[in-house]
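Given as structure tokens, the chain that follows is alone and in the form predicted alone.
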Amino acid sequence: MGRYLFLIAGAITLVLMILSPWAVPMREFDGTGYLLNPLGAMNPKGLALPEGLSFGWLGLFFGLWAVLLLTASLVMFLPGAQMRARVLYVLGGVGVLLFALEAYLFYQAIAAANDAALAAGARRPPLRRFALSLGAYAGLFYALGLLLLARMQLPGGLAFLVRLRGVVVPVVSLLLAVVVGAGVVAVLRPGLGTQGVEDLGLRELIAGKLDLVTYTFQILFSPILSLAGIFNSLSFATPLIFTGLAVAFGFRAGLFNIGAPGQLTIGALFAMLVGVYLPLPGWLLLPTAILAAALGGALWGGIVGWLKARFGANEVINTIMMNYIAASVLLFMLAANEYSFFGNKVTLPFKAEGFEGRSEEMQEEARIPHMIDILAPNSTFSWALPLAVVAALGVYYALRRLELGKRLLAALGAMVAGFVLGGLVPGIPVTISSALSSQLLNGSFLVAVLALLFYNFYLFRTAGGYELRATGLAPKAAEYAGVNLKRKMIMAMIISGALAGLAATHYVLGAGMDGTYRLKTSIPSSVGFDGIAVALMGQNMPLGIFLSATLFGVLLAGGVSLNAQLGISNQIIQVLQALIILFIAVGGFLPRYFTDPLRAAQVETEAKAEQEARQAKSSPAAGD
């Protein structure tokens, strides 16, 4: 059965190579491109390439790929697993090498053509928005699949994959979501450059659709190609890290905290009250405002935890209702300044002048600086943050024999010392582009990193975290072992709410919404719901949450460019998030041993027993 599925995969790869463009040497702003394919170029809009530019080597590479696909298909019918593995490793390596050569030849030809045009007096390069396309990527993915398949042929191959199920399930779910999302885009939109073109052949029509979906996802992932794009992506990712942690913390305790939007809103209100009105010394105001955001979220989550512990009230229903209450409280405080209660006029001081529902500006000392100002104040690279990180990590790992608490304290002290010393070291003048300086990534990202460290430390390094995880996995067993379940419920919701409330620091104290240091009624509290997708895709692990939040941040940043260039609504990101949740909920349609820990343990046990049996069988032979 597996062999025939492999043959089907090879056939699909070959069809994609025949029908889809392999590279696009030039593309207009609206996406219209000159599509290269080994069987001939497709150019519905009649774009002109520079004279002398040729990609005749595509036909040779197509022939090589066809031979490789045929050989790999035959290899699967070899009798020995070891032999199959060795040949598949070789073929996979050859495939990766072929893709690298294609990329080298393509980008070298593009660079040569552009350099020649500029040398001849052109005002700008004639070839823009060039990139490899789906036909080339299909070969790369097939080659990587061969390498994975080779590992699967060896003893313990399945157990190896099952051990990585925390990565396999999210990745497969993401790929399925991308495939379905691509199908949605292909159905709803015409192919790039094909609209209004008469006498369009079936091959050009299909190639245009495939080019559309490929270019759509290239734009979505394009932010990772520039520093400004990375800053923009991390700016989107910062609140997602907080809300992802909040939801994941609830999951670990066996609770579904769907109230992150409300906890974020109340955290924002608390941060605003401290940041605008509290008369504290400058050095104390910002830490107090950050703690106030956490306190507001903790209070809102703690109420739900207490209701759950005291009355057994369902936390899902309660958190949803608390979201509505929090939204109403926000509107009440910022939508207007005057209200009428039982005929009496009541005046509130919170709304700033103007038609928009917004607070007064934060005090100067309550503002979180932008990351670019932390890293390079006054266009001079500062060593403060890098030395602080290096010192903290160095001390933490150098004192491995100390108790964990003492190591953390020592690392904290080293971090402060490193920051102070780094600030005294002369910096390096740098040039900051306007695109980079306008990004809204701010210091709340560092708070998010600290929250990730706290999550990892508390849940996996403390007795309280162990009890909390035991409560989530087997509450009856945990209670029998002496864990106070009610106290754990309340504590879990308090911490979960505090993490969600900290997301407000990005928007209110860090001006992460629109560059203004105010609380507005339009604060995107729905990012709390997005935390569900982040937590599920990150498998409730700190590194997974960071990576999944960053992925969604990249997609959100790319969605802005997608809307500007192709007119495709960035709502496609919400579609992808929903699809990811859906596919993770069904385990990516993978076998049960990828989602069921007991079955996964059974697979690993069987693999270990098989390995021991082989060793026992080979030992007498070695002795003889």
Partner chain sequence: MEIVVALFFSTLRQAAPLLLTALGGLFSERSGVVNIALEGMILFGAAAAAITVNRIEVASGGLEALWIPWVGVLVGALVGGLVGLIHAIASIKYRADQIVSGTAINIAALGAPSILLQVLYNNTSTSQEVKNRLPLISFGFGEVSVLVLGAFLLVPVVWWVLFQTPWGLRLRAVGEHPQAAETMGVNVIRMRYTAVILSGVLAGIAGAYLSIGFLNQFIRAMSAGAGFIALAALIFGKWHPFGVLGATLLFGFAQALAIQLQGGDILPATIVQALPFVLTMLVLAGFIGRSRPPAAVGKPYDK
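As the structure is a computational prediction, the values presented were derived from the model and not from experiment. Positions refer to the first chain, counted from 1.
One more form of this protein, predicted together with its partner chain, exists but is not displayed; see below.
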Fill in: Heavy atom contact within 4.5 Å of its partner chain in the predicted bound form, the stretch among 55-63, 40-48, 23-31, 585-593
585-593
Practice prompt. Consider P597 of the chain shown here, and say whether it contacts its partner chain in the predicted bound form, taking contact as heavy atoms within 4.5 Å.
Written response: no
Discussion item. Whether S569 contacts its partner chain in the predicted bound form should be assessed with a 4.5 Å heavy atom distance threshold; does it?
Written reply: yes
Item to complete: May I ask you to state whether F454 is within 4.5 Å of its partner chain in the predicted bound form, using heavy atom distances?
Response: no
Worksheet item: Y466 near its partner chain in the predicted bound form, any heavy atom under 4.5 Å?
Response: no
Worksheet entry | Of L158, L402, V449, A313, the one that lies within 4.5 Å of its partner chain in the predicted bound form (heavy atoms) | A313
Worksheet item: Pick from Y397, F332, Y480, Y277: which residue has any heavy atom within 4.5 angstroms of its partner chain in the predicted bound form?
Response: F332
Worksheet entry | Whether L188, Y324 and F341 all lie within 4.5 angstroms of its partner chain in the predicted bound form by heavy atom | yes
Discussion item. Pick out the residues of 524-551 whose heavy atoms come within 4.5 Å of its partner chain in the predicted bound form.
Written reply: F529, I532, L536
